[in-house]
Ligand code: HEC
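First, one chain by itself: the form predicted on its own, in structure tokens.
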């Protein structure tokens, strides 16, 4: 409510008297009011108007961590040195396992080459020399049939058909325990030279593999040193082409003739 000064009231009365208005009539004096601001409270007349501004709205209070998150934050972190140690554990385990495995010995010389050449013989004699269409080499059987390696080299080179054609029925020991093996009795033995295209040094290699690996004979002794060891002088001469099966007996002492045609096998005592 706005109060009007006394001198203004007096002046107003004088104006009303001059205009013929009845004295004593109250004249309502209004004063413009400013519209209330949005959100301000309007108080009754005669009371002071108090306008309150809205308090600024802040961010909502943070929610407490769940038990899982709280436990993760409270857990001790793994130190850097431990992480490095854990990262190399797989490598260490791999190297440890490799160290426990026995080292594979790779054969060289005739035995190493013979294991590869034997793939052409496996279909008849078995992958491990256990036998099939052809005879078995295992448990020393091939040594019993051919006590002299020269007889086996000749048989492998020329094959069963050449022996049958030459009238030679026994390529190995005629006095073999359990009976001599007769040429052609178990089918055709292909000629390694003519049919398979093997050289003299390849035939020696595969025969060494059959006698010392598949037959299970120890890698030692005169025959092994002379024919089948990595340092065999005969193997090296055949490999270099300075010797052949036809003349090897002329170049090396104590070697039986292999020759250029089928021959009867010698006995163990022959």
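This is a predicted model, so every value here is computed, not measured. Residue numbers count along the first chain shown, from 1.
Although not depicted, the form predicted together with the named molecule is the subject of the following passage.
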* To do: Within 4.5 Å of the named molecule in the predicted bound form, counting heavy atoms only, one of 60-68, 241-249, 203-211, 216-224 shows up; tell me which.
  => 203-211
* Assess the spot marked by 115, 131 and 158: is the named molecule within 4.5 Å of a heavy atom from every one of these residues in the predicted bound form? => no
* Asked: Is residue 167 close enough to touch the named molecule in the predicted bound form, meaning at least one heavy atom pair within 4.5 Å?
  -> no
* Is residue 186 one of the residues lying within 4.5 Å of the named molecule in the predicted bound form, judged by heavy atom distances? -> yes
* Taking 4.5 angstroms as the cut-off for heavy atoms, does residue 162 touch the named molecule in the predicted bound form? -> no
* Can any non-hydrogen atom of residue 120 be found within 4.5 angstroms of the named molecule in the predicted bound form? -> yes
